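The chain below stands alone, shown as structure tokens; this is the form predicted alone.
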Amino acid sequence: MTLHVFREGEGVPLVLLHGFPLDHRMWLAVAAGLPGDHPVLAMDLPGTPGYADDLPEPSIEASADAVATAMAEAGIGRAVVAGMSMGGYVALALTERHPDLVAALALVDTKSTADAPEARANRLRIADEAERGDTVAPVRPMSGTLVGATTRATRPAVGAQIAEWIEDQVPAGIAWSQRAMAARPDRGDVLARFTGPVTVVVGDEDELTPPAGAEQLAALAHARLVVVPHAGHMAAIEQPDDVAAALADLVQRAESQPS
């Protein structure tokens, strides 16, 4: 089972999709801070430990289909889906391929666009290095670059925790995820067509998917934009209470929608 139940409850479920190179544990603090009694679950996407064998050809679409399968197995017919970074790419693909499953959408420190050629080439280089050396070494530096300047300066324990989670990852899974992300298309049109509530969340110190890009993302869907202070790309880990509040608001909006 790759769908972890953080909280059982009543009402529309919240399904959390993690970023790279992490797993469902990145959402622990957010889940702990969520008010209400709605169900909260988090997916371990393909490529994570325990889900790195017998993988299909690398694609974000395969990850989205895996989420749909896991939701069906858990008896979830419709949910608020929140995706961080790579999880945001998967959430958009899920919205495109399985629209009936998505009641509302949260895009956290992510984007809808495809990689530029240089970024795509870098992903493929990292994939090759991780696979060839059977090591997580190519992504170790991310524990420092994913967090914001404030976190780096004042809370080194956050980066240390991210580093521990990175060490737990599987080199073959890192390679798979990088190749999947490198192959993804632009899904701005998917977001523009989506008619449910949308929230875009971004750390004000996010250098990978900066606030200016989040503003453009929010404009595509007339979404609610939440800028999290003193946070980088890992706002969900750096400032989990702020992210939890944004997601709780989205769940409330989803529950108020006509069925």
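Keep in mind that what you see is a predicted model, and the values were worked out from it rather than measured. A residue's number is simply how far along the shown sequence it sits, counting from 1.
In what follows, reference is made to the form predicted in complex with ligand MLT, a form of this protein that is not presented.
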Check your understanding: So which of 132-140, 86-94, 154-162, 168-176 is the stretch with heavy atoms within 4.5 Å of ligand MLT in the predicted bound form?
Key -> 86-94
Review point. Among the candidate residues L105, V147, M181, A127, which is the single one with a non-hydrogen atom no more than 4.5 Å from ligand MLT in the predicted bound form?
Key: M181
Check your understanding: Here the chain is shown alone; which of L208, A68, A223, V226 has a heavy atom within 4.5 Å of ligand MLT in the predicted bound form?
Key -> L208
Check your understanding: in the predicted bound form, does P13 have a heavy atom within 4.5 Å of ligand MLT?
Key -> no
Practice item. Answer with yes or no whether R120 is in contact with ligand MLT in the predicted bound form, where contact means some heavy atom within 4.5 Å. Key: no
Review point. Is any part of 223-238 within 4.5 angstroms of ligand MLT in the predicted bound form by a non-hydrogen atom, and which residues would that be?
Key: H233, M234
